[in-house]
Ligand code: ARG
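Below you will find one chain, with nothing else, as structure tokens; this is the form predicted on its own, and questions on how it binds or moves follow later.
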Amino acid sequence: MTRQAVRWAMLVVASWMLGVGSTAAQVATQGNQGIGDPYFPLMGNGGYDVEHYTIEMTVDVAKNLVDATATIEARATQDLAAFALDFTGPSISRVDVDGKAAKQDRSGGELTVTPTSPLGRGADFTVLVAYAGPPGRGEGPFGGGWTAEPDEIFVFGEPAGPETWYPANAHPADKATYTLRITVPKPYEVASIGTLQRTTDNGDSRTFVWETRDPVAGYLIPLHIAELDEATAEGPAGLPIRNYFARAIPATDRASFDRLPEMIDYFDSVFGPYPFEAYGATVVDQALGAALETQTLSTHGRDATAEFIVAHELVHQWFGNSVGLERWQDIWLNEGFATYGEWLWTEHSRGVSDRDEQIRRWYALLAARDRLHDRAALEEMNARELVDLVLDAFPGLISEEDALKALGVRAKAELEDRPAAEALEQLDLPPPALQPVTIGDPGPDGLFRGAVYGRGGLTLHALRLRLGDDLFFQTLRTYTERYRHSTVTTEDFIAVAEQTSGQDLDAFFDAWLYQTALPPIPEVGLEVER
């Protein structure tokens, strides 16, 4: 090759390389503002997977102020010119990507970060966000995330919540591990996820370092700051159990957690090995009317410490936490399984007859709702029958006295000649009470409807009766092992059930999950009166 030919060849190569660089720059785009959940389009974000969060935070409990730095280790899943984080928290003073200052833009609940140069697909990168001020307040059907009360701060929120106190890819499809370094003034303490690595005395404050071994969805991070009493125990194979109680929680409510070692031992036998490095609960001094299955340390309101609730949140550690949701549509995989876990604990601790009574009560309640949603059945009822049906379908929603008052009568006998449809309008029940729900696709406003819990549990009991105990519990253990520390859809569970049993279960699951009419359970004589 002549010198001129070499020069031309070099020019061609240089031009090709410049072209490649230009093409790469054009290909790099911003990751989606939303991970793709059909119920919550802006929840989570696309273009990357988070591997680890390190949250360093100093908390002024009295003033509800934080001074924090969140370090996020992630991997790009596409060529990224920019990416977003979910964040409704305090003002941001600094954002770095791989140690270099990055451009930031906040709009609504999205923090968009533009690094100095694009991130290539498959590249590991680190984001640092420094912020200070009062944490955000989320909105959701089940808690708002960061919650500050006098002398107590805790996190409680589903499906949203983490974005109120740290920038996150806040969808359960993107699990990550965590390190939390939380500094609080004395005498407050910090209970959080995984295991307490160390506590440092700073004089008038203390720093608590908590770390989790296993990946976790953001809404499942526990955080409780208060004056706390700790009680420890040991579970199977030396599993550490640590329970924390706000000082005002009485001994009678604390006693509900004494059976946790026995519960874990039993559920190990039916679900497979407990999936995490520790367990326990923290009880806040607030009447939440609920508990949340925050990973390795469930969070309970002071009015939600009954034994069946303790069992429910423990079962979630297998179903909902280790085996998590790929999309919120499939929440029955969390709540239906945890509800059935309650019934299994009753079966184990009190016997089959008590378990069957729980199942009958749930079936009767859902059957009453089924009839209430049946317009043809309503046409044949009178107002007295309607009142009885409403009281059966929604105990606690409205009292008989209030129902009669709303209908302008003193006794139910006065309602014999009044049409049910007319009375239904006068009762003015909340719209969800009159809307049937398919638990396999309940809609974003139906995630926490009672049917998701109760009918989900009944689905599993009906499956158990169809398959027999051996195949049913083999299905559960295969499911928890196959998808340990992963995420799933309903189709994944159905596939495991069909593979394990060798049966075609499509019609069974369609009836229970995707139709509104409550199926019968003929094996135990349960059926809706039509």
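Residues carry their position along the shown sequence, with the first being 1. Note that the structure is a prediction, hence the values are computed from the model and not measured.
There is another form of this protein, the form predicted in complex with ligand ARG, and it is not shown here; the text below is about that form.
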**Message:** Going by heavy atom distances of 4.5 angstroms or less, which of 316, 384, 175, 181 would be at the interface with ligand ARG in the predicted bound form?
**Reply:** 316
**Item:** The unique member of 152, 158, 326, 370 whose heavy atoms fall within 4.5 Å of ligand ARG in the predicted bound form
**Value:** 158
**Asked** Any of the heavy atoms of residue 397 lying within 4.5 Å of ligand ARG in the predicted bound form?
**Response** no
**Message:** Check residue 291 for me: does it contact ligand ARG in the predicted bound form (non-hydrogen atoms, 4.5 angstroms)?
**Reply:** yes
**Asked** Would residue 448 count as touching ligand ARG in the predicted bound form under a 4.5 Å heavy atom rule?
**Response** yes
**Any non-hydrogen atom of residue 345 within 4.5 angstroms of ligand ARG in the predicted bound form** = no
**Within 4.5 Å of ligand ARG in the predicted bound form, all of 37, 40 and 171 (non-hydrogen atom)** = no
**Asked** Just one of 455 to 463, 305 to 313, 113 to 121, 266 to 274 has heavy atoms within 4.5 Å of ligand ARG in the predicted bound form; which?
**Response** 305 to 313
